[in-house]
Each structure stands twice: as C-alpha cells, then as structure tokens.
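In structure tokens, one chain follows: the form predicted alone.
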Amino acid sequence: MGEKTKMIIRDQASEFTKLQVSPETAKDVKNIAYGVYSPLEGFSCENDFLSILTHSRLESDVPWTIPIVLDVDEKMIRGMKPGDEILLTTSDGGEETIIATMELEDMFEYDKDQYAESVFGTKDTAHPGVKKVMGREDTLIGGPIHLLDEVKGPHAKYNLKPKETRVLFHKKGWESVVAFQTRNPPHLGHEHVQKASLTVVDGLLINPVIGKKKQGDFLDTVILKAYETLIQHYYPKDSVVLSTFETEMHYAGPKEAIHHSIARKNLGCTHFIVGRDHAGVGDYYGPFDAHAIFEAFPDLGIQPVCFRSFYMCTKCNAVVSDKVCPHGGGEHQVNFKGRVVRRMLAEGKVPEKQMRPEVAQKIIEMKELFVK
C-alpha cells in the first residue's frame, strides 16, 4: 500500500468501522504484514481455522498449528458484509493509532472447547492458553490486512524483520543458521545447547519472545540484558545475532514448537533448537512431546535440533546429558531448576553451577525481574 493511499485512508477514517485491538493482536498484525507469519495474509477465515484445528494445516495443506484469530463483539460488525473494510486501531495512553486496514472476508462463530482441545490438548481453564480462549468473544472475523502504521515497543531496535535478518545472514556469509527460542535469561544448559548447535551451522540467532507472558516470568528487559552480557563475554565475535520475536506466549507445548519453527524459517533460519518441554506450562505436556510432533511435519522446511535434558555433572565437571554422562541421578548431578534460579536471583545471589557470574550480576543489578 502506497503512502498516498495511506494518507487518504487516515483522512477518511471517520467513514470506516473501527475496531480497537489489544497490544498482543497488534503484534499479530505486524507479524502478518512483515512475513513472520508467512504465508498468512490476514486473520484466519473459517475454512483455514477449522483446517488448522482438525489437520494442523492450512486449507492449502501448508503446516500451521495455532490459528491467528481476531475475536469481536458481534455488535461491532452487525450490518457489515464480506468486502467491507475495517480500520484496526490501538490505544496507547488514550491516543488512538490506526495500525492497519482489514478487508472483512469472513465472520463466524466457533467451538471454544474444540479450539482449546486441538491447540492445547486440554480444556482445563487453569492452563493460561485455555483461559484466554474461553475468555474470547464468541465471533471471529477473518480477512487480509494491510499495515498502515507500526506500533513500536520499548525494544524495537532488536526487532528485526525477515527481510532484515535474511540480508544480515547473507552479509555474514551464513548459509546455515540455527534459531534458539527463549522466554528466560540464559543458564549454562541453554548456553550448552546453543554452542553445541553452533558447531554444525554457520551462525546462531538468539530470538527471545517479547510480549505478554504469565505472572512470574522474567521481564523482557531482563532477558535481553542477560543475553547481551552472555554474548559479550562468552561467544566468538560475529557468531550470534540477537533479535526479538514480538508475540505472546500461548504455552501450547508441541503445537507451539511447530508455530515457533515456522516463524524462524521465515526469518531465514535453516535449523531450530527444540529443548525439553518446549513452550510448556505445568504438567500438561510430556518432556519430549515437542520433539515427537516434528515427525508429523516432514515438509516443514526447517530442521529441528532436538536436545534432551541437560545438567551439570560435578564429576565430569561439565554440562552433560544422560547420553554422554554415566553419573546422572546421583550425588554428582546438579539440575538446572528455574524456580531455584529465580529465587536466588531475587535474593541477590549468584546461582553457582547454574549461570555465568557476569550474567547473574547483570540481572541482580536490575530493580524488577518478574512479570507481576
């Protein structure tokens, strides 16, 4: 869409139906527009929505596991028909920003139980993803979007678009790139799997999720500062790119592992690290369910790099797994426990044998650490 067309739409905004969307939905709009969610061109219509829930694929047979949807109060679109145009807006501090146009292609009601069971494998509302689904409006609308204005968050300088990452990888001469998904600061286990993967590819993309998370998760600023420190002190120069994936966590376990890998493929990565309980929460998924699901997607277009559990072995004096260390399960095994790391950092203590001291000190210096 050209700048002249954008100006005309803004000038005639009062003639359009407006729909204010949440900050999380605004991130979906941006990810669609810039190709992070390619081949999507807009929010899911009913045919794609049902195909995703029943087959984990778009109607075109392209792998896709989590529908990207826009729910609305039915009153907001009453009287509208396919082909009508809607302006999507956000509000920051009371000031309205028009972020995109949407062509209304479809409007439909849906089965929330089916949605939850398909994506999350449960209808238990104690699951944060299920809780969100059950709290959505009863009507979904679908159709292509056209970006008018990008709402930039506090960490915008890290948010590279697919066109930018692909150009950057090419300039660095990287023909193979492994992506690492995270929503936590790095402990030694994370570093180990990143470096193990880096030994067989040209470069590493560390790609933290920036967006809405559950209570108790680390704040975005903490994650970014921690990784900046780790890269500065413990990685060879020009071996790593730190860029953010602006989205909310769904905590959909295996289905989200596929979703995350598709986004990284669109960023130009050839490989994707899948660890223990990827994108999991509570006990809803088995520790390696996110590994097994890739067998159903041989046409995904990106290679999963699956790692089992890692721990520090005091006898081997190294980060190891049960595949290479005979001392697991005994006095020599020190597990990487997120709860322990969180508690120690909150108390201003360095989690020895868990995290690099420079990284821990950088985190401890910060005033606030967790989502409230």
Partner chain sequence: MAGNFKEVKLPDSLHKRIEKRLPNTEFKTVSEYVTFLVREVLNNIEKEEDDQKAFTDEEEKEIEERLRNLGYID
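Residue numbers count along the first chain shown, from 1. Everything numeric in this text was worked out from a predicted model, so none of it was measured.
We do not show the form predicted together with its partner chain, though everything after this point is about it.
At the 4.5 Å threshold, heavy atoms of Lys157 reach its partner chain in the model of the complex.
Among heavy atoms of Ile99, none comes within 4.5 Å of its partner chain in the model of the complex. Contact check for Thr182: no non-hydrogen atom falls within 4.5 Å of its partner chain in the model of the complex. Taking the partner from elsewhere, Asn317 is found to have every heavy atom lying beyond 4.5 Å of its partner chain in the model of the complex.
Heavy atoms within 4.5 Å of its partner chain in the model of the complex are found in exactly one of 82-90, 292-300, 209-217, 136-144, that being 292-300.
Only one of Ala196, Met76, Val167, Val151 comes within 4.5 Å of its partner chain in the model of the complex through a heavy atom, and that residue is Val167.
Proximity to its partner chain in the model of the complex, defined as a heavy atom within 4.5 Å, singles out one entry of Ser118, Thr229, Thr247, Ser243, which is Ser243.
Taking the partner from elsewhere, every residue among Lys163, Lys171 and Lys237 has a non-hydrogen atom within 4.5 angstroms of its partner chain in the model of the complex. Residues Thr54, His55, Arg57, Asp61 of 53-75 are found to place at least one heavy atom within 4.5 Å of its partner chain in the model of the complex.
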